[in-house]
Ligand SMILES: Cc1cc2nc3c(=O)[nH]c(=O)nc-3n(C[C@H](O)[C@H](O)[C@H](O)COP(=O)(O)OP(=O)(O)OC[C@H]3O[C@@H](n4cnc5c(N)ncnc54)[C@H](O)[C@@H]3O)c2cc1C
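Just one chain is shown here, as structure tokens, and it is the form predicted on its own.
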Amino acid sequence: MSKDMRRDFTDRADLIRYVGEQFPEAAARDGRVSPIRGGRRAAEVQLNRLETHRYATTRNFLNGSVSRLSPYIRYGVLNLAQVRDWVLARATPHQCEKFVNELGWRDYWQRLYLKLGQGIWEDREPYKTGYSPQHYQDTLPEDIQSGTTGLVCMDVFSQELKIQGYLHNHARMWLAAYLVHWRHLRWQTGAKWFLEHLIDGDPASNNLSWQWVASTFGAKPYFFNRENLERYTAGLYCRRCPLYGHCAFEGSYDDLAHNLFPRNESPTAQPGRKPKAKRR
């Protein structure tokens, strides 16, 4: 922040108004403000809500126990070591192993960013989808931006991204997979869209995760079927979707792989794991 910018405000509305005045082009493009509160006090409140004993078993469910600390880590309100030490002081190693492991992955993404710089915007490896980069389009489809695809899950995710400035990690993966593998969008275009709206939008974690979904930074493309989405959302979107039973995500993984990647030897879905770090 510039030394010339104000730091003291009467209330949050005053702060929002001031930021809009300082960045009029951004405000004109989208004046909505995320309800996520910033600052050290809000970060500590969120930290005290963390349930590491439930994290490992429920984190993939949209109503599971996730930390929601990423916005505070992104902007340095909390750092990884502080969060790690707080967790280790309050839970057994077994209870917090998975959560600390995820902190390690965030550190890994940052170290890769330090090494690659703007190279995180380039395909780290060839696509494993049977398609070349030229197959994927550069323009984000209008129905994605407006949340009018007709797929309730994807439309809700699109709206939450813009209104909340936050998406559960599993929702990010589903939305990214839909854009790359069903809509044939370049992962770079999707990554830019996420960074435009995500409060916790960190280029390293964001871009390299998009590449993992696309298969340019992983052994296989990540995709999903309706059964997977329905399971981890407790059917929240499927129950009210007019396309239920005949949507784009219906079928087994083998069937979807055959339809999505006909030029390839039917890749199976990426499991919910990140790529292994290469030893140096």
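Residue numbers run from 1 along the displayed sequence. Predicted, not measured: the structure shown is a model, and the values here were computed from it.
Although not depicted, the form predicted in complex with the ligand is the subject of the following passage.
The chain is drawn here without the ligand; in the predicted complex, the stretch among 61 to 69, 243 to 251, 224 to 232, 31 to 39 whose residues come within 4.5 Å of it by any heavy atom is 61 to 69. For a residue to qualify, one of its non-hydrogen atoms must sit within 4.5 Å of the ligand in the predicted complex; none of K128, Y131 and V180 qualifies. By the criterion of a heavy atom within 4.5 Å, L161 is excluded from the residues contacting the ligand in the predicted complex. Although the partner is absent here, I73 sits close enough that one of its heavy atoms falls within 4.5 Å of the ligand in the predicted complex.
In the predicted complex, at least one heavy atom of W109 sits within 4.5 Å of a heavy atom of the ligand.
Put simply, Q188 is far from the ligand in the predicted complex: not one heavy atom of it is within 4.5 Å. The contact residue chosen from V77, V152, L140, L198 relative to the ligand in the predicted complex is L198, the criterion being a non-hydrogen atom within 4.5 angstroms. Residues S205, N206, S209, W210 of 203 to 219 are found to place at least one heavy atom within 4.5 Å of the ligand in the predicted complex.
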